[in-house]
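We begin with a single chain expressed as structure tokens, specifically the form predicted on its own.
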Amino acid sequence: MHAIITGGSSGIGEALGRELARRGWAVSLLARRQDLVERIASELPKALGVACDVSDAASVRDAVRTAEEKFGPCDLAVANAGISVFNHAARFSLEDAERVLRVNVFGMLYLFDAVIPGMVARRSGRFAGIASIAGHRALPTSGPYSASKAAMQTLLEASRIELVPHGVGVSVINPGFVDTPIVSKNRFRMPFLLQAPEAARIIADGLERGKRVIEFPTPMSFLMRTVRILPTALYEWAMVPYARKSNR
């Protein structure tokens, strides 16, 4: 079994690579930081670290080709690479918004493009995207990030339906707050914060069971799905004070 994971040099990507390796998977970790990802791969029993820029389609295709030459066809591809940048609409940064969407959304699509044709031809395999509970409803100061995760959820849901006849599974992974570099700059108390190894175990369990949606932790999932159905006026009334404070 061969898994390819983008963003494999830190956070959930690194932890998931270690967890899958512990379970007997061959793991290819893709990341921009070549020295770091190669060092992590060297610590695992059957792993490869490949330099890759997920915002460049050719780089992703080349990395997948290198990984499959080493370990054979990809059985599981996980689009994990992601970034988050504070972006208040009153001080909007187009450059930052484009960067978030390019890495989070197009990075996933480039991996999808690189692995899905082979999976369809073999009539086997699973594609997963690390979206977020934040994709359920817009969060002030994180509009582009929330939008990117909502886009990932929608794209993956459509793909799951379309790929059923071809024997290919698709999983949407929606974590809450996980203690990784992407949340280290948050200036608020993060409820139900999980450590990356715990998140990786939950994700690996769900993927090996073929779950369509892997969402955790349960209290955070329940909270955000409740918020999702609040009337728009009520939600805005509750969030405007936070948005105003964040703009100071």
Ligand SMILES: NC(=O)c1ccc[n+]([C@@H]2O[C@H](COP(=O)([O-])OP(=O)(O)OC[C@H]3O[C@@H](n4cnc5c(N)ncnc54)[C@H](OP(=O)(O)O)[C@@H]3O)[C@@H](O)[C@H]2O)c1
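One-based numbering along the sequence shown. Every value quoted in this text rests on a predicted model; they were computed, and no experiment measured them.
Omitted from view is the form predicted together with the named molecule, to which the following refers.
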Look at the candidate spot formed by 8, 54 and 176 and say whether the named molecule comes within 4.5 Å of a heavy atom in all three of them in the predicted complex.
-> yes
Please name which of the stretches 217-225, 66-74, 204-212, 46-54 has residues with heavy atoms lying within 4.5 Å of the named molecule in the predicted complex.
-> 46-54
Quick one: from 147, 163, 83, 109, grab the residue that has a heavy atom within 4.5 Å of the named molecule in the predicted complex.
-> 83
Using heavy atoms and a 4.5 Å limit, would one call residue 132 a contact residue for the named molecule in the predicted complex?
-> yes
Spell out, yes or no, whether the shortest heavy atom distance between residue 32 and the named molecule in the predicted complex is within 4.5 Å.
-> yes
Residue contact check: residue 181 to the named molecule in the predicted complex, 4.5 Å heavy atom | yes
So in the predicted complex, does any heavy atom of residue 103 sit within 4.5 Å of the named molecule?
-> yes
